[in-house]
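Have a look below at one chain only, the form predicted alone, in structure tokens format.
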């Protein structure tokens, strides 16, 4: 064992980081807004241990995946138990669902979770060995509408970044259709074995689906002629996929069907998807997260019956990297800017606070006098909406509701303010 120097041990382990100052606030505040949106759609929170029995991930994630074969942090306790720092969240949530008998509860269980996860891979920008995720799971229903609810909720969370988001989506069919497609794909790659990249050749037998999203230039060329899963679906799988797409269209969610999209884990079937950002030049950037349906995971873990489920994971590190400070709890706070100091204005401020009581938190920006500095403060702290109060329009019992991000700059009667605020936030 190599002995580390004092300099080495006084640094965080490679691929792991400390959080403080603005970075700490941004991560904390992202979780807060993600939880608020999730709860609005009917999800409730769950927290599982940071370690699970190693078999949970070997069975759930799948042998032949990079995660299981190369990236897991495994340990053996003094009592001989084999444990693993969780490399992903879904298998652990399913274990908790089974252990606590959630299947006996009424209706599908809609859960959200967050926290650190661990994979021993090469650190790079946006990818760390201790990384953070926010996840959603709906467990106990085959209904395609839950696939769409999961996608929509994640989409609403990512809209908070103010980036243009498109959903890439595909279907892997049911378990039997997926197995048949894997065999067809394996035969295709065997015929082209000399043309694909060296790193992909070992996957032909173990996990040919992963070759579809290979980054090797030779393999990418071969993949242009790879068979599409969409040609091997049964009627029920096509119907399921069409329902998901129809609901996305009804909710004005941009999506693109990508037949080569498979995701990296063995338990997926039917719907799979990823959230992609569109850069200012119109080109696609890296995925911010994704997920899919996994109706057979419970049985793979050893449960005696199926638990049809669908879920997603969002990469918090990458989201925070591309997002300014305005993705925080301040989106639910409405500051009041006073143009002048007067007792008369303070009386109306009390009326506004009373009017908005219980729907939004109201604060007064009264420590900054000049209007341009108040606006600078609003921009820096990322408040979504704010109220301007001025003696000229107070005479008409009105205030100004304004946003620097949305096209809103309107005079509103104080008595109508609560309904207008509710109307605006319903559209977010």
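For clarity, every value in this text was computed on a predicted model and none was experimentally measured. Residue numbers count along the first chain shown, from 1.
Note that the form predicted together with adenosine monophosphate isn't included here; everything after this is about it.
When you look in the predicted complex, the only residue of 287, 108, 248, 339 with a non-hydrogen atom within 4.5 Å of adenosine monophosphate is 287. Shown without its partner, this chain lists 318, 152, 163, 240 as candidates; in the predicted complex, only 318 has a non-hydrogen atom within 4.5 angstroms of adenosine monophosphate. Contact annotation for the candidate site: 121, 126 and 263 all lie close to adenosine monophosphate in the predicted complex (heavy atom within 4.5 Å).
In the predicted complex, adenosine monophosphate lies within 4.5 Å of some heavy atom of residue 313. Of the heavy atoms in residue 189, none are within 4.5 Å of adenosine monophosphate in the predicted complex. In the predicted complex, adenosine monophosphate lies farther than 4.5 Å from every heavy atom of residue 348.
Adenosine monophosphate is not drawn, but in the predicted complex it has no heavy atom within 4.5 Å of residue 181. Exactly one of the stretches 129 to 137, 96 to 104, 181 to 189, 216 to 224 approaches adenosine monophosphate in the predicted complex with heavy atoms within 4.5 Å, and it is 129 to 137.
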